[in-house]
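Below are two forms of the same protein chain, given as structure tokens: structure 1, then structure 2.
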Structure 1
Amino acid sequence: MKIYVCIKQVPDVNAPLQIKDGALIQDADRNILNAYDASAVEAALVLQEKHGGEIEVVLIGNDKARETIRKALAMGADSGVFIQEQIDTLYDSYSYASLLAAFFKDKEYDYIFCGKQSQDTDAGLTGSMLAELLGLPFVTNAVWLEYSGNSLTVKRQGDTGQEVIELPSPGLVTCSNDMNDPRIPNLKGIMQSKRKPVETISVNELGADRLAVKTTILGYEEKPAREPGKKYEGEPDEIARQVARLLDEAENVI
């Protein structure tokens, strides 16, 4: 079984940040493996331990992102692909999906795993866009996986409950961080990761000259402060009538 896992380097959400003149300023030196992608790597490793196979991680990023590939290799992935992005290009979900689709178009695999979203934008669009561009069946927000025969049984978290879906091969899954607790690389894994192969590809080799960026970030603003709540005083029955009147007349929810 061959599984590709798409990973991303993101700023550490616990690092200091500020918004100044509409720009988001973050600690550029505190970058980590996206938590949702780490869960996707862990899910692939669990399947590999049960059924064998090969795991290859794929990352689009700048030179500093190479260390994030090594983190996934230290966890246990077999090899990696580093797709080097153009300097000063702001990729959106569609451009990431397009580049990955160009990479995968001539590859053979059983499944592609992605995190359900990235911690920097929380857009949650790249995985489903990639599946559409590749013409693959896909399941989003997976919280449990089991492989049997030539298909995956996937349990996904929906808005009103959980769904169990059989996903044939080849297919794509986006993984929730509720699925598992990603393993922490040990010293042996870290040392082995330095000897594992990582292929480097320029985005130009994937047709970046035709790459379309469909989303433009105009700026950032602080989250508006929540309006103060209303406080009622008096007897309980009178307070209840006031609240009921408010819900009926002002909020129109009764």
Structure 2
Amino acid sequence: MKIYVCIKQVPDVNAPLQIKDGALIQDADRNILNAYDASAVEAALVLQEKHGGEIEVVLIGNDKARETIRKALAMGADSGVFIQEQIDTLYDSYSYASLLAAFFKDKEYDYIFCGKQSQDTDAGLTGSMLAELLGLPFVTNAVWLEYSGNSLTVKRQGDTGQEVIELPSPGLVTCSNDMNDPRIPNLKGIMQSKRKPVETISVNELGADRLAVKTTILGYEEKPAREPGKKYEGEPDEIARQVARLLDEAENVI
């Protein structure tokens, strides 16, 4: 079985950030493998352990993002494709999906795994866009997977419960981090990752000459601050009753 996993490098949302004149300023060094993609890699590894096959990760990003491919290789993926992006364009989900579609056009695979969303933008679009562009059936927000020999059984978290879907190959799945706990690469993995093949392709080579950007970020703003309220400390019985009464009398929400 051949699985491609699309992975993205994202800024660490836990790192301090700052907005200056509408621009977002972040520590340029605090970038990580998107947590949802780490789950996608983990899911692929688990399948591989049971059913064999090959896992290749694909990442579109600038030079700094290359290290994120190493991270996935250190986890256990077999090889990587690094699609080097032009630095001066702001890509959105549509443009990433179009580039990925151009990359996958003549590839053979059983499944493509994506993260269900980018941790920084929470867009959640690329995976299903890519599926549609490639004409693949897809399941988003997967929380559980199993392979039966010719199709995947996927549980997706839906609005009313978990929808159990049989997805034939080739198909695409976007993974939730609720699916698993991604392994932390061990030392052997880190050491082996250096020798695993990583192919570099420039965006231009993909023939996606006119980049499809559909949305523009105009700027960033602070969220209206929520004033911290009052802290009640002391005798449990007393403070519990006090707050209960305030919720009724002062807030009228009981």
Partner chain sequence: MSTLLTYISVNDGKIKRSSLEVLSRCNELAEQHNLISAAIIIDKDAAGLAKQLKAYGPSVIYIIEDPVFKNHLNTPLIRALSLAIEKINPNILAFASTEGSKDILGALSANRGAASLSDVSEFELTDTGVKAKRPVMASKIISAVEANDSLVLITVRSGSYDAVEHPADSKIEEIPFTIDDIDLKMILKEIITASGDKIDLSEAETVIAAGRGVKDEEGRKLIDELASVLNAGIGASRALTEAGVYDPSLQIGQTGKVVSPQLYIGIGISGAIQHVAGMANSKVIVAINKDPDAPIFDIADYGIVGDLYKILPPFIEELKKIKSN
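Basically, rigid core = biggest C-alpha set you can superpose within 1.5 Å across the two forms. Counting starts at 1 and follows the sequence of structure 1. Note that the structure is a prediction, hence the values are computed from the model and not measured.
Of the two forms shown, the one predicted together with the partner chain is structure 2, not structure 1. Domain assignment between the two structures: Arg183 and Ile201 are placed in one and the same rigid part, by better superposition fit of each C-alpha.
The angle of turn of the smaller rigid part against the larger, between the two structures and from C-alpha superpositions, comes to 45 degrees. If you overlay the core, the Cα of Arg226 moves by 5.0 Å between the two structures. Overlaying the rigid core between the two structures leaves the Cα of Ile239 displaced by 19.3 angstrom.
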